[in-house]
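What follows are C-alpha cells for two forms of the same protein chain, given separately as structure 1 and structure 2.
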Structure 1
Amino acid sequence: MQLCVALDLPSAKENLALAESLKEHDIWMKVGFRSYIRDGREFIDTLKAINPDFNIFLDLKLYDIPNTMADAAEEIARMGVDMFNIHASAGAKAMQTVMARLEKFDKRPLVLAVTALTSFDEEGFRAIYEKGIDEKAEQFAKMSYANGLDGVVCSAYESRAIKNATSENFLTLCPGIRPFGEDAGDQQRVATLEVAAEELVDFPVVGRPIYKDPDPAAKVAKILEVIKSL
C-alpha cells in the first residue's frame, strides 16, 4: 500500500505547511476540487518544489462528453501530475476517448475511474443507480478495466471483489480510511488500515485523521509504520 494524503485544508498556506512537514516521506498528495479551484496549477508546482518526489493525485473526477473529458485529460497530463480520475458513469466511450488521447505522452499519468462515492449509503446509491453499491461498483470496474484504465476509486470494502473481477494489478484507491478508528465524519463506508490491507487496497487515502492531528508528521510516520508491518 502507498499512503495518499488528502490536502483538504481551508487555505493554500495550510496545505503547503502540511506538505512541508511531510516532505521527508515517500507519499502521494491528493489535490481535490477545493484546492485546485482556489489555488490552481501553481499550487501543484509548489508541491513539487517542496519535494520533487511527491506523487500528485489530481482528484477532479472528470465527467462530461467524451471529447471534453479527453481535452481536460490532455491538459492534466501536460501538468505533470502522476494520477487523476474520471467518473465511471461517463461510460465506455468516454474512457476510450480519454485513454486514446493520452497515448501521445511518453509518460502518462495513471487514470482511475470513480465507482461509488464513499459518502453514499446503500439507500442513497440505489436511488440514483437502481443497483446496490457492490454490484454497480464491480460493473463499473469491469468496464474501466476493459477500456484500458489503470484502476478505480472505491471503498475498501469493494477492493478485493473488484480485483477478483478484473486483475490483481488493477489499482484500487480508497478514500474514507480511518487509520486507527477515528470518527467517520461525512463518510459512510470507512475502514481501518488493517481492513484496507485485508481487502488488497493499493492507495489508502487519509485526510482529516492526519491534518486534524496536533502532530500530522508524527501521525503519518505512525501510519507508514503500520502499513510497513501489514
Structure 2
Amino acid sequence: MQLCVALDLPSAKENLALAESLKEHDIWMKVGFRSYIRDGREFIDTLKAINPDFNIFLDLKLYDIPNTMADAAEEIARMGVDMFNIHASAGAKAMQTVMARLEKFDKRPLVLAVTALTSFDEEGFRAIYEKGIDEKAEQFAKMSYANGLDGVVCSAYESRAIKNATSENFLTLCPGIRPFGEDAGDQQRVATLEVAAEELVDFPVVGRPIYKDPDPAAKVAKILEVIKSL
C-alpha cells in the first residue's frame, strides 16, 4: 500500500507547511479541486520543490467531451503530475481518447476513474444511472479496465470485488481510511489500515486523521510503519 495524504487545509500556506513537515517520507499528495482552483500550477511546482520525490495525485475528476478531456489530460501530464482521475460515466470513448493522447509521454501519469461518488445514496444514484451503486460501480470498473485505465477510486469495501472483476493489478484508491479507528467525520463507511490491507487497497487516502493530529509527521511515520508490517 502507498499512503496518499489529502492536502485539504484551507490555505496554500497551511497545505505547504504540512507538506514541508512530511518531506522525509515517500508518500503521495492528493491535491483537490479547491486547492487547485485557488492555488493552481504554482502550488504543484512548490510541492515538487519541497520534495521532488513527492508523488502528486491531482484529484480533479475530469468530465467533458472526449477531446476536451484528452486536452486536459495532456496538460496534466506536462505538469509532471503522477496520477489524475476522470469520471467513468464520461464513457468508453472518453477513456480511449484520454489514454491514446497520453501515449506520446515516456512517463505518463496513472489514470484512475471515479465509479460512484460516495455522496450518493441508493435512490439518488438510481435516479441518474438506473442501476444500484454496487452493480454500476463494478460495471464502471470493468469498462475502465477494458479501456486501459490504471485503476479506480472506490470504497475500501469495494476494492476486492473490483479486483476480482478486473485484475489484481488494477489499482484501487480508497478514501475514508481511518488508520487507527479515528473519528469518521462525515465519511459513511470507514476502514482501518488492517481492513484496507485485507481488502487489497493500493492507495489508502488519509486526510483529517493526519492534518488534525497535533504531530502530523509522527502520525505519518506511525502509519508507514504499520503499512510496512502488514
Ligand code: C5P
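The first residue in the sequence of structure 1 is number 1, and each one after it adds one. Think of the rigid core as the biggest set of C-alphas that the two forms share within 1.5 Å after superposition. Small disclaimer: the values here were computed from a predicted structure and weren't measured.
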Exercise for the section: Pick out the form predicted alone: structure 1 or structure 2. Expected result: 1
Problem - Shift in Å of the Thr118 Cα between structure 1 and structure 2 [rigid core superposition] - result: 2.8
